[in-house]
Structures are given as structure tokens and as C-alpha cells.
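Next up: a single chain in C-alpha cells, the form predicted alone.
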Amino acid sequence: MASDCDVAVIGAGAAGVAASVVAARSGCRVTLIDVGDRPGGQYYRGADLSPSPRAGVDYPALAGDLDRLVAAHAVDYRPRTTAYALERAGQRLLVRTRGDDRHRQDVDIIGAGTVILATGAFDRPLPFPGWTLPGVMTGGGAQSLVKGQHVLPGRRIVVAGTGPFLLAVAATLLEHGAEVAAVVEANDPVVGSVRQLRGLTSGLGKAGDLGRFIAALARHRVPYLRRHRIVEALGEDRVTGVRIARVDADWHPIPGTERVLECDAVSVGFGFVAQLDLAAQLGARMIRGADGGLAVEVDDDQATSVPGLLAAGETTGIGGVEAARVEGLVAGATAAVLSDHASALTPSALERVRRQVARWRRFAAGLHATFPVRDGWVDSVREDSLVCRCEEVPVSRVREAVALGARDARTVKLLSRAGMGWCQGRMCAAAVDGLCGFDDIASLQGASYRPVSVPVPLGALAAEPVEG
């Protein structure tokens, strides 16, 4: 085959970097595949990675180790590369890759005894009238513009949705000179955090980040509007403002509370959705994560139901960057053992890491319980609002599919075309699931399967390296 290694790691965020470092330190031949220009993922994009005073396995130390391992050819690092298919060939797994959008013809096949999925997650938007206007984007999109391209999405920006990520986005925008008109939070985190105190205390190490975000909002006098939600984005050719309303505990707008905030950009986010397409290609078993979304099921070794396939980070459930990092350490140690190498992590070190995994998962569960996505948005969304932007599918067509008898996400997709467009459901799948109200995991999992996860030119497929 064209390329061969012991361990292929897909994704170079915190989980993928940690897994690659441990596996390579253990003597494994590691190939690290990532769509980005440099390691770190969305969270560490543009971050200061100065050496940390804490020795050991924090991310800055791991990033430095990865640089040295790549320089020593212990890790074959492939940036700007997309893994578009994953399949089994006997006792090994094959990862099919292509280059970035400017180099789609650059294809390869990588054979590995073990594959670690660390593909992260997508933003989770929810539809509302006007959300397709230019200037309305996800929180991750806004951060990518600022961190990656050094471009502000607008001068006066409304940040809305739910979750602590709203504060991080607002702080990033403020740091780079934007005016944040308001942070519009649909839940009441003060009440929620008191109820989830036990789980949230597991993540006290994140208090510094939270304090920094809150201080930035206070310093710039940014209103933080609890129990408010955008009900409509206003404008003709681009967004010029948003109509917001106070909502009840289930997110139903309260009559008489609407008001307009003027802005030229909107950043929205209601959490994240795990990227599951590669796992679905091999039939890995799925579960519901703490946030209610689908995730890959793993055991204490980060092993999935598919032999040779491990997963770490947001792929196993939305848990944040610290959970991703420690899960990556465990996955790297497991991959080393599966490759007949002694793990670079000693048994005592691995046990400490496992305890950290459990602690950060408790913290994630507490956060999701504090910032849930309520069903009120389903009741109040307009029938003519687009839910699938690529195929211009309105809410009404999805509901018609269910009325016609669709009982799983794949059938809804076939009847309505929601999720068949360029993004392949990355923007709309969670919203479509919410509109359908399906609870059974099997009914949702089918829509995640695609034999090719991203577009690949037919000419490139024909020119793929011959296996064997």
C-alpha cells in the first residue's frame, strides 16, 4: 500500500496531539493527519504556547514534544489533509485522504494497525428567521475569522445562544477590537450552576478562563442578558440587527418582552455536535452524550466497538479541551499496547490520567445540565424558516416528511433533502433531529453514514495508489 504505520491519528487538536506524542514516545510509527495548517485545533488556534511552569502533560508541553518528534521523523505529520474514508482491509485499517480544497487531487491511502479518531466537533446552530442573512455566523466561524484570518466579522456584534463558549467568543472579539452589543444567553447559568455545583467543582481549574472572560465583558460594559433568545435577525442584503425576547424556562418567548439590538454581525451557538462520519463508516456503536447528542461509545481504554479503532476528545462526547487532552493520553497508551509496544506512560501515570478523565467528564456533565438546549425553540420556529441552508429546505418540509411516515433521520433526509447539500448535514443535522423528535439512537445514526465524508474529484479517486 502507499503508506504504512502502526498508528494513524486523525485530528491534531488537543486529543490528537496527546495521543500522537504518547504513541510515538512508546516507539510506534505514527502518522498524524489534520485539516489545519498547524496543530492545536480550534481551541489553540493562534494561542500563546509558551512553555508552561507545570511539567508533564499539559498542552504546551505536548505541543513542544510533538514538534521535536516531527523533526526527528518519529511522527509523520500531514497538515492540510482530510481523511475522507475509513475502511477495513484484513487485520488493518485503511485511511483514505485528500489534500485541502486547493489540492484535492493529492490523494493517498494510509494503512495502520490502529486508528485514533480525534476529529472534534462542529458548531451547533439552530434556525430562526433571518439566520441565513450575510453577517450571521456560528461562534466557531467568528473565532476562525479572528484567530486564523485576523479579520473581524463586523464592528458591532451580538453573541447569542447558550453555553460558556459564548463568553469565550465575546472575549476574543473584544480583544481584537470589536464592539460586542450584548451576549444573549438563553439559559440562566446562575440558577443552573447552583443546581450542578457538585459536577462543576470538578473543573475548578477552568475558573481562571471564566474569570478572564467575565472581566473582559465587565471592562467593556457588555450586557449579559440571561434567559433571552434571538427570535429574528433583521435586514435585507445583510444583517442590520436582531429582535430578541425574554424566554421562559423552556425557551418559549414571553409576549411583550421583545426589543431590537442594532448590529452588523451575529455570532450564534448552541453547543457542539461530535464529528462522527468516519466512525459511522466502520459501524462503531454510538451512544447519547451528556448533552443529548450522538457520540462514539468508548471503554476505559478509549476503544470503540470496532477492533483497532480508538476515539478521543469531542468525538466521544462534548467535554471540552481538557477532557480531550487526557482522553488523548489514554488513547495513545492503548494504541502503543495494541502495537506491541510498552506504553510511555507508567501504570501509575496512566491511573492518574484516568482519574482526570473521570473528573473532566463530571465537569462536562455539569456544564451540559447548566446549559441545556430546551425544546421551546422547536415550538416557536416558523414553518418557512430554512433549516437546511445548502438545499434551502424549510422547517415545514421536514415536518411533512415526518407526517408522511418517516421514522428515522435517514428517511427524513431522503424525503426532504435536508442534509444532502454541500456541508452534508454538518450545519442542519442537529436541528433536523430536534424538529423530528426521534429518541432512538438507531434512527439517528443512519444519517451519519456516508461512504465519502467530503467531496473528492473522480479523477483523484481513479489515480489513488494501488494497495498491497
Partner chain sequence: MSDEIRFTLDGEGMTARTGQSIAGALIAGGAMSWRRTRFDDRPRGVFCGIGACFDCLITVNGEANVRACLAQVREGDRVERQEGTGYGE
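Residue numbers count along the first chain shown, from 1. Since we're looking at a predicted model, the values are computed, not measured.
Keep in mind that the form predicted together with the partner chain is not shown, yet the notes after this line are about it.
This chain lacks the partner; the member of L294, V136, L173, A160 within 4.5 angstroms of the partner chain in the model of the complex by a non-hydrogen atom is V136.
Among the residues A290, L93, A121, A182, the one placing a heavy atom within 4.5 Å of the partner chain in the model of the complex is A121. Against the partner chain in the model of the complex, the set H150, E392 and C423 is in full contact: each member has a heavy atom within 4.5 Å. Heavy atoms of D439 never reach within 4.5 Å of the partner chain in the model of the complex, leaving it off the interface. Taking the partner from elsewhere, R399 is found to have every heavy atom lying beyond 4.5 Å of the partner chain in the model of the complex. Proximity of P455 to the partner chain in the model of the complex: non-hydrogen atoms within 4.5 Å are present. Looking at R410, you'd find every heavy atom of it more than 4.5 angstroms from the partner chain in the model of the complex. Heavy atoms within 4.5 Å of the partner chain in the model of the complex belong, among the stretches 430 to 438, 61 to 69, 415 to 423, 401 to 409, to residues of 415 to 423.
Of the residues in 366 to 388, only L386 comes within 4.5 Å of the partner chain in the model of the complex through at least one heavy atom.
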